[in-house]
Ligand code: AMP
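A single chain, nothing else alongside it, follows as C-alpha cells in the form predicted alone.
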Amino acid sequence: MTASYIETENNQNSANSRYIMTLGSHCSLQVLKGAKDEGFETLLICEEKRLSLYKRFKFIDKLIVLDNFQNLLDGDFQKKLVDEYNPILIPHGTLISSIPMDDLEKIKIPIFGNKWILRWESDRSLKQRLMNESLLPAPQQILSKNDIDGLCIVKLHGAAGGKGYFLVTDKKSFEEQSQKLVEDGIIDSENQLFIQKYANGVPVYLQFFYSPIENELELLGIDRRYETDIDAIGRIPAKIQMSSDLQPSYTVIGNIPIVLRESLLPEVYSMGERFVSAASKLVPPGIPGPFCIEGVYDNNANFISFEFSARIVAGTNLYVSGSPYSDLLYNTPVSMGRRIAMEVKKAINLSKLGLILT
C-alpha cells in the first residue's frame, strides 16, 4: 500500500497534541473546522479523486492520500498513524459504508463514540430491536414479501444515503424492483432487503449529542433531506405522472433546515433520552456523542421513527455556524463537529477519554 502525505501551509502549534482525524467525505469539512476552532491539529484521509477539493481548506493540517479507504485497514499504516499523530477518528456515514463492520471493529485507532453500536445501525434487525427498546413509535416491519398489502418502502441495510430504496404495493412490484437491484449489482439477492410499512408525513431528522461526562442530552439541530427523484416528482403534472413509468428514488442530494413548533420539543427530548438509556443497556457503553433519530410527523403531529444513525449525520452540515437550537445552549457558534471537539477537549482535561472513545 502506498500513501501520499501532504502538509498544508498553515501549520502552527495547536493547543492539543492529539490530531482529530476523519475520512474525506460526508461531513469531514465540518468535523475538521470544528476541531481547528477548538485548537486541535487536523488530519484528513483522502482519496485521490477529491484531493483538489480538500487542498482548498486551510484548517486541514495534514492530508494523507490513499488509493481507496479500504487501505485504512492496513495494520502497518494504522500503527504509523498512531505513532506519528496520536489521532482520534471521527466516524461518519462514509466510514460505515466503505469498511466492513467486522474490520471496522478491529481498527486500532481510537474512535470517538461507540464503534460497537455502528453494527446496530447497519443491521436492520438490530436497529429495530434498539428502536423498540427505546419505545420509539415505528412503522410495521414486513417479514415476508408475501405479506405486502398496501404501500411499503423497501430499504438496503447500512448507510447508503437512501440509494436503492423503492416503494411497492404488492409482492409482484417487490420482485420486479428487487430483481433490478440484483441485475445492477447493488444486492446479491432480495433477502438483503428490509420491508417496512410506508409512514406518510413530513420527514424530520433530529440531531442529538449526548455527553457521558456531563450526563446531559443536547438537541443541536433539525433538518429534512432533499431526495431525488421522490421530491422532484411533485413538479410533474399528475396526468403526466400517471402516463409515464416513473420509479422514484430516495438518493439524498442535500438537506433543508427545519425549526419545529416549540410544543413538540418535550417529546423530542424524551425520545432522545429513551434512546440514550436503551443504547446504554443493549450496546455498552451506549451512545456517547452525536446521533440522529429519523422519522416523519403525521397529520396529527405524532412522530413515527423509521431510522436512527449512531454517529454524526450529513444534515448537520447545515449548521457549521450553529443552529437555532445550539444558539439556545451556547454563546458561540457550535456545529456538531465543533461539539465533538469540545467533548474531546473536556475529556482530555479531566482524564476521561475512556468515556468517549472505543
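No experiment lies behind these values; they were computed from the predicted model shown. The first residue of the sequence shown is number 1, and the count goes up from there.
Not pictured, yet referred to below: the form predicted together with adenosine monophosphate.
Visitor: With adenosine monophosphate left out of view, choose which of 209, 112, 120, 205 has a non-hydrogen atom within 4.5 angstroms of it in the model of the complex.
Guide: If I apply the 4.5 Å criterion carefully, the residue I get is 205.
Visitor: Consider the chain as shown here, without its partner, and state which of 77, 116, 198, 85 has a heavy atom within 4.5 Å of adenosine monophosphate in the model of the complex.
Guide: Of the candidates 77, 116, 198, 85, 198 is the one lying within 4.5 Å of adenosine monophosphate in the model of the complex.
Visitor: Specify the contacting stretch among 47-55, 60-68, 285-293, 302-310, defined as having any heavy atom within 4.5 Å of adenosine monophosphate in the model of the complex.
Guide: Only one stretch qualifies here: 302-310.
Visitor: Does each of 19, 36 and 89 have at least one heavy atom within 4.5 Å of adenosine monophosphate in the model of the complex?
Guide: No, the candidate spot makes no contact with adenosine monophosphate.
Visitor: Would you please decide whether residue 153 lies within 4.5 angstroms of adenosine monophosphate in the model of the complex, comparing each non-hydrogen atom pair?
Guide: Close contact exists here: in the model of the complex, residue 153 approaches adenosine monophosphate to within 4.5 Å, heavy atoms only.
Visitor: Evaluate residue 190 for contact with adenosine monophosphate in the model of the complex, applying a 4.5 angstroms cut-off between non-hydrogen atoms, and reply yes or no.
Guide: Residue 190 lies outside the contact set for adenosine monophosphate.
Visitor: Can you tell me whether residue 227 touches adenosine monophosphate? I mean in the model of the complex, with a 4.5 angstroms heavy atom cut-off.
Guide: Although adenosine monophosphate is absent here, residue 227 would touch it in the model of the complex, with heavy atoms inside 4.5 Å.
Visitor: Could you pull out the residues of 250-274 that have any heavy atom within 4.5 Å of adenosine monophosphate in the model of the complex?
Guide: Heavy-atom contacts within 4.5 Å come from 250 alone.
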